[in-house]
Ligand SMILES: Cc1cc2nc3c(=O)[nH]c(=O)nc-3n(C[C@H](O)[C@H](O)[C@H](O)COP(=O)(O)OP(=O)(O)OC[C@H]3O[C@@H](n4cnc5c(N)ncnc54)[C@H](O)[C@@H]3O)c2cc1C
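One chain is shown next in structure tokens, namely the form predicted on its own.
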């Protein structure tokens, strides 16, 4: 008899969990509180969806700044190569761009969502657009979930709510509450992969100005050392800086104290100061 499994969250993790749970023979119901699944997928990669990197597991581990060893088991079970194979075998053509970043050939994040939705339905997953209010636990065993005050019986519950990074997409921290209820310890939350607010004011004329081929060095002034270097796109914003190199750099900033970090930005790293003077 198929085990009844509830998946809380219809994002990338929840849909994949539902699909492979259904492949394993479970009776899957995915609960998504938004009216559409994959809200966060739509906005990733500037609407193009950088869905994985075309590299081996060792490279992923080496480029994970915090607790990389935790990923070993998951990556060995389902690698970046497996991710690409999954989407391509289900009709989504992919391409690899600079930095081994993988995108749909169409450059449409919506096509990634459509693929996940189509495959989940083909696998037999049911999708219910309602918010789960609670997980029901009795005698240290999962009994089911609640939607408002309605109890629904399930044998298993998969929590795939995302973090607390973008509340407009539905990531409001519900998953932490559910995880804590069933005995997990929640460590203090810290921001990562975020834009940075600068002490200096950015001129209004430069707001949303995208700069390409910029080099970035980040210094921790408290530790008196360089903690990160990168090359790529940087975007000036009215509050500070954003863009790919800034988002990556932010994950290396362990303590987000005001004024702690200094950014050294070179707009023309390929030119020496002497050549730059001649150009002027």
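Only a predicted model underlies this, so the values are computations on that prediction, with no experimental measurement involved. Positions refer to the first chain, counted from 1.
Here the subject shifts to the form predicted together with this ligand, a form of this protein not shown in this document.
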Hey, of 61 to 69, 215 to 223, 24 to 32, 238 to 246, which bit sits against this ligand in the predicted complex at 4.5 Å between non-hydrogen atoms? 24 to 32
Going by a heavy atom distance of 4.5 Å, is residue 256 a contact of this ligand in the predicted complex? no
Would residue 263 count as a contact of this ligand in the predicted complex, using a 4.5 angstroms cut-off between non-hydrogen atoms? no
Looking in the predicted complex, any heavy atom of residue 96 within 4.5 Å of this ligand? no
Can you check whether residue 18 is within 4.5 Å of this ligand in the predicted complex, heavy atom basis? no
Listed residue (79, 198, 169, 106) with a non-hydrogen atom within 4.5 angstroms of this ligand in the predicted complex: 169
Scan 190, 121, 130, 143 and let me know which has any heavy atom within 4.5 Å of this ligand in the predicted complex. 130
I have 56, 83 and 232 flagged as a candidate spot, so tell me whether each of them has a non-hydrogen atom within 4.5 Å of this ligand in the predicted complex. no
Counting only heavy atoms, which residues in 1 to 15 are within 4.5 Å of this ligand in the predicted complex? 8, 9, 10, 11, 12, 13, 14
